[in-house]
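Encoded as structure tokens, the following chain is the form predicted alone, with no partner shown.
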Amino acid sequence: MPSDPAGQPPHINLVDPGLYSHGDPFVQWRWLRANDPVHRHTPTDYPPFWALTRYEDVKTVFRDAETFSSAQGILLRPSGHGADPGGGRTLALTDPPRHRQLRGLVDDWFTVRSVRAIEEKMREVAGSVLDLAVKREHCDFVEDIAARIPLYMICSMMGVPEPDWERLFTSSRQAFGAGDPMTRRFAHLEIMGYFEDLAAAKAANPADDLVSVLVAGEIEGKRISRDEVILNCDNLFVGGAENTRMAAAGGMLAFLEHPEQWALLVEDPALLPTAVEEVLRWTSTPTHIMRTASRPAEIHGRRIEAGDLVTLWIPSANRDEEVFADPERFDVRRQPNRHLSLGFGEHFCVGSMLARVEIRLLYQELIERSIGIELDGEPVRLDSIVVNGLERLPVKLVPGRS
């Protein structure tokens, strides 16, 4: 693998939020892939950890759930914050066999057949969201379009009454947007409190929805606990709304920066499925995923001890020169496109099909309605080491010109 030109290596600090909002993390990732693919990151406000930046290494860790555990948490946490409260109790934070058992409760809701059954509803939601945005003409693509479609759909699937959708939308924007950490924390607690009340209501009056499925869920003949129900509701809500929002908005910015690629879609909408895969690769919304070594391991001659934290840098893996031809090129016709944006192995995203369809339908509706989009200000990136995406994308919508 070719390294960067000779000279001083970049200062490596992958846990500086400003690197992602105002810097260029790809400079550090390129250097690490070429020179130090299993990098021992020095402690900062975060504990020391191993940073893996090559595609095959990331894939290997995803595949080996016995050596690299999810149960202690999947995101770096500042030193002193303690263990993740969801550890060992949610889809994302469990290892086999518990992970498979929890996943088995909800899998049917995310199959190809189930997603196709609600595709018309998704199209209606996308259409109504776009109608409102077009009336405004000037809007924030992140908040007014990309955030609403997946959030409304996951609310519908979870059995959230439609009058409450806006309430959860407001709380989610406060919890996962920029702003005061305490405000974000309280907003997230409000979301969890909402699902605690909803779970109690579904226990009394079950319906055909995801929350009712979790409330009635049994593993090895025992009902899952109330805390597990609430934590998994939160897990499904966040995963179903936030990652799709980031990908759809980041993809729109990519199209604005590469208008020839949007023109290809307008000319040939049959390219939409491969375009969605390229959007997922390009945006790589999970900036890092963490595992904890449950036993010693060795990668490229570096010894990883039991208890060590191992981080997988997804945007780096998705631009690995050894796997992707011309990885810095945004190409809606890219094939093959075996990106890792939706995970791999045991923890492959349960909502992957839903996310793909939501993104495809959004772009499809824009094309079919001949809605043109222009930048209407400076995009603002999130100040986060967790999610790779936009805080704001001001745009102008132009009907009749796609």
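From a predicted model like this one, the values you see are computed outputs, not experimental measurements. Numbers for residues come from their place in the sequence shown, where the first is 1.
Just so it is clear, the following notes concern the form predicted together with protoporphyrin IX containing FE, a form of the same protein that is not shown.
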Problem set entry | Output flag, A249, P379 and N388 jointly within 4.5 Å of protoporphyrin IX containing FE in the model of the complex, heavy atom basis | no
Seminar exercise, completed: The one residue among R30, H41, H347, R360 placing a heavy atom within 4.5 Å of protoporphyrin IX containing FE in the model of the complex is H347
Seminar exercise, completed: Checked I373, L342, A51, A65 for heavy atoms within 4.5 Å of protoporphyrin IX containing FE in the model of the complex; positive is L342
Exercise. Contact between F110 and protoporphyrin IX containing FE in the model of the complex at 4.5 Å, heavy atoms?
Worked result: yes
Exercise. Quick one: does N243 come within 4.5 Å of protoporphyrin IX containing FE in the model of the complex, counting heavy atoms only?
Worked result: yes
For this session: Look up in the model of the complex whether L280 has a non-hydrogen atom within 4.5 angstroms of protoporphyrin IX containing FE, and give yes or no.
Result: yes
Exercise. Hey, in the model of the complex, is V58 touching protoporphyrin IX containing FE, heavy atoms inside 4.5 Å?
Worked result: no
Problem set entry | in the model of the complex, segment of 300-308, 258-266, 282-290, 183-191 with a heavy atom within 4.5 Å of protoporphyrin IX containing FE | 282-290
For this session: May I ask you to list the residues of 65-95 that have any heavy atom within 4.5 angstroms of protoporphyrin IX containing FE in the model of the complex, in sequence order?
Result: I74, L91, A92
